[in-house]
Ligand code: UDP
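Here's a solo chain for you in structure tokens, the form predicted on its own.
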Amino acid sequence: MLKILFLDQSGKPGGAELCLIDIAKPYRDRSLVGLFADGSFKTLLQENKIPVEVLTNQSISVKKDSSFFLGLNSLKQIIPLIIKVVKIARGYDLIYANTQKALVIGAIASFFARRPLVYHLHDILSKEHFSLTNRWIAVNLANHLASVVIANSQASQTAFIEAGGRKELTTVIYNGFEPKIYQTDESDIRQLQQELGLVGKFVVGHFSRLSPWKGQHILIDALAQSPPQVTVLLVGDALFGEQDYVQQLHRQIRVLGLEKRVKFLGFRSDIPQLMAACDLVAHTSTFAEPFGRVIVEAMLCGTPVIASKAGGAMELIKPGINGFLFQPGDSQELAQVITACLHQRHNSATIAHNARKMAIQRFNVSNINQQIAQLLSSKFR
């Protein structure tokens, strides 16, 4: 079986990182995850008995909206990291880059170490998400140095090709999930509802970091147009210096007089239980999401879900069958769906049941890992 050097830029577990844990598990006796930052993601990998090493303590200053000149300026930071990755990579059969910065380091290292490169694309390479420079670098490195680009949705694949990526490199493989993790105990749910004062309320949950493009402000606008028994849970907190947005949300809530109907819960580890305690999960991104992990998680918890009609969400949800879609940014349409779910509980329960059944079949981690293993073994025998 293949020996794989996985690379990831983050010290914190986001969607791409949680996906990597599942991908790396079957290879854990012959792999290493190299991280470009220390943090709780390293701990999670260790808990899953996946070998991990933090390869640098110096943060790479390039951001998603960085210019070409800032990119050049960061070269002196990344040269020692590239040298280190080249040395390590010579002990493995291939390099698996799981994020954008990992692609940059991994692509250059693959050239010098003479090892093939796999790029797992968890992003939509569009102007809303990345600067022209970053899109150009990602696409050109992938086109010239990657043997395979795994896209986590058709939306990600399409954006890659539209940005100049070679279609023949790409394969769409969705994120995988372990259904057992999302089975919850009814008594735990009732206890949680009591603790949070949710008994008798219609609870709409929002699960993501607090950020303008995640659209929590749209849900709050919709709440102002929804019946008084509707309550919102915001699960997650600000990252990457987006604290101003949190203050903006608090101001919006005060102006609309919704202080008693919105609860900020911060980051939580009991996501399946919280999702199961909700009557509806809202996914309100203002730009196209590459996949929409929260959507599948809500489905697996048996909770109805409504999402912005863009990107990966449109591949996950068939409206009226396994969920609901609304136009991005349209708080009035969102409020109408919330109100309909409140008044038509039986219909929502049927949709949630369908969604759970479909999600277990379509996104089961063992099937997804099998697809990745088959792809890798066919390319790198």
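This is a predicted model, so every value here is computed, not measured. For every residue, the number given is its place in the sequence shown, counted from 1.
Keep in mind that the form predicted in complex with the named molecule is not shown, yet the notes after this line are about it.
Under a 4.5 angstroms non-hydrogen atom cutoff, the named molecule in the predicted bound form has Ile271 among its neighbouring residues. Not displayed here, the named molecule is kept clear of Pro304 by more than 4.5 Å at the level of heavy atoms in the predicted bound form.
With a 4.5 Å cutoff on heavy atoms, Gly205 does not count as touching the named molecule in the predicted bound form; it lies far away.
With a 4.5 Å cutoff on heavy atoms, Arg135 does not count as touching the named molecule in the predicted bound form; it lies far away. The candidate site formed by Gly266, Glu289 and Val294 is fully in contact with the named molecule in the predicted bound form, as each residue has a non-hydrogen atom within 4.5 angstroms of it.
Arg209 is the sole member of Lys201, Arg209, Arg261, Arg166 with a non-hydrogen atom lying within 4.5 angstroms of the named molecule in the predicted bound form.
For the residues Ala277, Leu219, Ala155, Val235, the 4.5 Å heavy atom test against the named molecule in the predicted bound form is passed only by Val235. Only one of 355-363, 21-29, 369-377, 8-16 lies within 4.5 Å of the named molecule in the predicted bound form by heavy atoms, and it is 8-16.
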